[in-house]
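For reference, the chain that follows is the form predicted on its own, supplied as structure tokens.
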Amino acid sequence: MKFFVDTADTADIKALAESGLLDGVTTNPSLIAKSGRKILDVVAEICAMVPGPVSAEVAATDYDGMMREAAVLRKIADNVCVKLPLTPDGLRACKTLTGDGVMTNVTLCFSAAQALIAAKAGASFVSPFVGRLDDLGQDGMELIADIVQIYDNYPALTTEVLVASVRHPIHVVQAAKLGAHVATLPPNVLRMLYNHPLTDKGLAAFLKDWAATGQTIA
């Protein structure tokens, strides 16, 4: 499974990229707004730090507007992935951009039927939002299972399942068991993947015992 980080905080991205755990980045208008910076500057900086896909979302809701904004975003760097809403105009823009060799991420997916038509439109990634479904009392992971099964039935579909709205490590493990290709995580959730109190406790005990020996290795 590939790990993307869901943020526009370049300091967090830089630290995670240096760890070797990061395969890509996703942003959205809300995250860009939170950064307080211009979208073109933020995306350019991220693309220089991360060689993998960097999702940058259009703000327009009509096809022509999406295509104009996509033309600007795709010029930032070769690893820009244009993020589009799962609407008729978004799917049309996806089809056009994919046909022109541009990576695309179709976002705000909440049903298997939506995921199927996103794949038919040629999306590089489809982003089902598991946490938001959980918030409504539904099981977001059931959606992931359905999408993975459908895609597996048709090898000609090349769209990758990018699990979004991830709230905790259990989401990540469940998605990996189901065969999802990517999970995009907030920085704090990504760091939770390697944190465990028993690891910390065990390391503290080892260091205490080692100190008692008076030895050094180097």
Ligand code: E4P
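All residue numbers are counted from 1 along the displayed sequence. What you see is a predicted model, and the numbers here were worked out from it, not measured in a lab.
The same protein also has a form predicted together with the named molecule, omitted here; what follows describes it.
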Contact at 83, 132 and 165 by the named molecule in the model of the complex, all three, heavy atom at most 4.5 Å: yes
Among the candidates 44, 31, 172, 178, the residue which, in the model of the complex, approaches the named molecule to within 4.5 Å (heavy atoms): 31
The named molecule contact at residue 159 in the model of the complex, heavy atom, 4.5 Å: no
Segment assignment from 88-96, 139-147, 124-132, 72-80: heavy atom within 4.5 Å of the named molecule in the model of the complex: 124-132
Within 4.5 Å of the named molecule in the model of the complex: residues from 170-191 (heavy atom criterion): 184
